[in-house]
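Shown here is one chain on its own, the form predicted alone, set out as structure tokens.
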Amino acid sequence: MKYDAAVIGGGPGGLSSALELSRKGFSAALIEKRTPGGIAINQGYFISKVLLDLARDDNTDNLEEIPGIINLRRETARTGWNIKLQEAGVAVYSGKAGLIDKNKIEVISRKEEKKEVISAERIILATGNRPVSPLDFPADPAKGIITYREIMAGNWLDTKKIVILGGDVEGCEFACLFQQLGSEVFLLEQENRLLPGCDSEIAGLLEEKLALKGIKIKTSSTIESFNCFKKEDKKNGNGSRLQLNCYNIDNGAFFEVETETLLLTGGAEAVLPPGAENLGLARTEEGFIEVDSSFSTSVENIYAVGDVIGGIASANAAIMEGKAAARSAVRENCKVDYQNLPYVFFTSPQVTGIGLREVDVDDNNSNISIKRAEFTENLRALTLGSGEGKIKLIISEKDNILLGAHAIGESAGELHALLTLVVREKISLKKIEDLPLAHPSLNELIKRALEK
């Protein structure tokens, strides 16, 4: 079969590319070696959000039921994924894809083990990444050293003590999950604060909230080595315990932490389809595919998006990159505005934001002002049972627009849609003030901050 374009990888980036190609009137094929949804639906963020919701709603009394709940919700998500592609007229191939050359792909069917060659004028790689250890020693589930994949399978949820290495969004979300499951949680981050890429004030507030929940946090710290000891427990059976040899990066002081489980986050390597090495695709120092601002690779008519190119590891970014790559492939100019890419972290409390952070503001710029409002000033926040939280707006007084917005609080993620619209479309503050917002709603916090 011959197509205008073929996409390898059925995660958020690949789906976005295929759908955009179809919208533009181009024939498109999507090849996914797993089931629909790629890593995202089958082993990634979708399952983590299911687990977080179950834990938040106290639906984790019987941990043995969790894999069944995951499978049910995952199957529903897979069905929706397929429906989108079918409605768009995208041809879906289930199997392993290998690159023969820059215009031909060999697909080995998962079920029938038969080979088929498809041709495409353009190819978009959205093959993702796989977790690897960020330390000098690898993950080893037999010793209790794991990555997110073991948790996504519904395993290790009953651990009594867990150390999480990595204080970015993945580590913080897992810290909240295990705290809600009743585990003793120790969170290590090598930077001097949690969520290094987030607004520092908001990240500091999250650190305070996690500490109040009993999560032990150690920043500027990492793990040098470990010792694994077998333990005998007459009540719970035999197992192992880990003695982690850690050190503080700032002062060089060493300390030890004992745990049952060590969860490694933050380490990843690109997954390339067979044959990619033979095409001479340029790679970054970290091994990811190198692309330009249009997501073109060093090989003509081959593009790459999502986790396989490194950069921002988020579904938001992959979706926008997938759409941009598809437009580039059909010779339209399209780039991704990463600074104005919204984010929502499903921690407890939630964190959301978009645009300029306070650290990005020049101290000498008198045209920029920062306004804040507390969740205690909002009736909807109080109805949720917790008024603890804050919204922070970064404003251009010269242009009378919002350059950035960040928030933390219960259900703060509900704010992101309106904030995204306001920041990306440069809507004037006067128009925001005149918006007839529902009452009570968290969105009223935006107006409240502007009133100050």
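All residue numbers are counted from 1 along the displayed sequence. Keep in mind that what you see is a predicted model, and the values were worked out from it rather than measured.
Another form exists, predicted together with another copy of the chain; not displayed. Remarks below refer to it.
- By the criterion of a heavy atom within 4.5 Å, Lys96 is excluded from the residues contacting another copy of the chain in the predicted bound form.
- Proximity of Lys49 to another copy of the chain in the predicted bound form: non-hydrogen atoms within 4.5 Å are present.
- Proximity of Glu397 to another copy of the chain in the predicted bound form falls outside the 4.5 Å heavy atom cutoff.
- In the predicted bound form, another copy of the chain lies farther than 4.5 Å from every heavy atom of Ala120.
- Just one listed stretch, out of 207-215, 103-111, 309-317, 289-297, contacts another copy of the chain in the predicted bound form at the 4.5 Å heavy atom level, and that stretch is 309-317.
- Interface residue among Asn333, Thr376, Gln243, Asn365, judged by heavy atoms within 4.5 Å of another copy of the chain in the predicted bound form: Thr376.
- In the predicted bound form, the residues of 427-452 lying within 4.5 Å of another copy of the chain by at least one heavy atom are, in order, Ile427, Lys430, Lys431, Ile432, Glu433, Asp434, Leu435, Pro436, Leu437, Ala438, His439, Pro440, Ser441, Leu442, Asn443, Glu444, Arg448, Glu451, Lys452.
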